[in-house]
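One chain follows as structure tokens, the form predicted on its own.
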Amino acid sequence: MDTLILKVVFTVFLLLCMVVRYPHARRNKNNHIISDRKTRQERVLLGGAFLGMMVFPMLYVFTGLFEFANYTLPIYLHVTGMVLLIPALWLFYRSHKDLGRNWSATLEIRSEHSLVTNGVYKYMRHPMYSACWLWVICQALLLNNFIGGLTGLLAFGMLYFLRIGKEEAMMEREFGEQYQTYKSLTHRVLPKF
């Protein structure tokens, strides 16, 4: 498939993700935080994810900087990547919408924080992570470049695996038995029906 089409499709996806996140980030900027778990590691992991999922892909799309690291994939994998963008964007949107004022880019608890167990959170505890897993898989399938395409998987994978346990421990401390019951009814990133 034409590389330009794949780059345009992925760029539009990234723009739509920014459109989804912007109002939530803007609104929640004024949340009163009562428990902030941001560590140096958290900042480094978030910075790495930003580089791997936004900066490197866009450098690949708009410059010839990483052309030396291109690879090829069969067309059916490109089509799979394009199709998976739809549930990725929908899940990204729904997880933000369902969280509402409880959303935060970092590990923190705000005043009046509540445990969200409705919407997509009824089926999985971390649908935003699910959306991001789909995102980085699509990135690798659409941007056929070891730097622009695969750094998303590497960077987000590190963020996920080094953060998820801390996030769940924070939620257990905050919501206790209510969160433990919720955990027993859901999986982390895959739906439990």
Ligand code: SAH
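The model shown is predicted, which means the values in this text are computed figures rather than measured ones. Start at 1 and count along the sequence shown; that's the residue number.
There is also a form predicted together with the named molecule; it is not shown, and the following applies to it.
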| property | result |
| --- | --- |
| Joint contact, I109, S114 and Y129 to the named molecule in the model of the complex, by non-hydrogen atom at 4.5 Å | yes |
| Contact flag, Y93 vs the named molecule in the model of the complex, heavy atom cut 4.5 Å | no |
| 4.5 angstroms heavy atom contact with the named molecule in the model of the complex for L84 | no |
| Interface membership of S104, the named molecule in the model of the complex, 4.5 Å heavy atom rule | yes |
| Any non-hydrogen atom of L89 within 4.5 angstroms of the named molecule in the model of the complex | no |
| Interface residues of 9-32 toward the named molecule, as seen in the model of the complex [heavy atoms, 4.5 Å] | none |
